[in-house]
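Shown next as structure tokens: one chain only, the form predicted alone.
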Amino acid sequence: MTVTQFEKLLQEYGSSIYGFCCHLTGNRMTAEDLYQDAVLKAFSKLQTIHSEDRARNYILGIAVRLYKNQRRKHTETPASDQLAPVPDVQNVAEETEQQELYTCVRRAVQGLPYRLREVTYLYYFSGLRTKEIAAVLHIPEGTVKSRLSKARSEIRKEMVDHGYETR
């Protein structure tokens, strides 16, 4: 991959990679550091990236590994500098209800064990398919599906406990 192709990749997918880092870390400062470290590491390995199609997944995989390493070094959980949602709703009542729902879902996802949380972020927030997640995390696809199923079940239970109906 050339430097120009890498720049194009970052222009196209940079914000989604950064968003994934935000979801993974739970705070913006740590996410910025993680994003920067992942991009720099990928840039230093530019010669090993042969396919533009897989480059985004490669960077996401680097971010996941860097975050795991960081978590091992620091046993404390990251500060929860919650990201403020941007509501699309115009009505104030609907906006408030939407924000409460977002906060409840966000807490439910944040409360998941790390292994369930990371596949949830990769699937729902980064838009990766289960096969791609398996490649990024170096685990079997069946394990990804199992973790997603368990995560959905846990989130559903948490939502019901907070008075939301699930379909």
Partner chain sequence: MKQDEIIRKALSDTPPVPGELHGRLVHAYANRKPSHRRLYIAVTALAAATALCGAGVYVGTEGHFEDVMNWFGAVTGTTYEDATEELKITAVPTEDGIAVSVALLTPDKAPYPYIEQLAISDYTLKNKKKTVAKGTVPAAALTDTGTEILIPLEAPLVSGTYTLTITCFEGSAKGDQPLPIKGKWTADITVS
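Because the structure is predicted, anything quoted here is derived from the model rather than measured. Numbering follows the first chain given and starts at 1.
What comes next is about the form predicted together with its partner chain, which is not displayed.
Contact check for residue 161: every heavy atom lies farther than 4.5 Å from its partner chain in the predicted complex.
In the predicted complex, none of the heavy atoms of residue 139 sits within 4.5 Å of a heavy atom of its partner chain. Taking the partner from the other structure, its partner chain in the predicted complex has no heavy atom within 4.5 Å of any heavy atom of residue 52. With a 4.5 Å cutoff on heavy atoms, residue 121 counts as touching its partner chain in the predicted complex. Contact check for 30, 57 and 66: none of the three has a heavy atom within 4.5 Å of its partner chain in the predicted complex.
Residues 6, 7, 10, 11, 14, 15, 18, 19, 22, 23, 28, 32 are the members of 5 to 32 with a non-hydrogen atom no more than 4.5 angstroms from its partner chain in the predicted complex.
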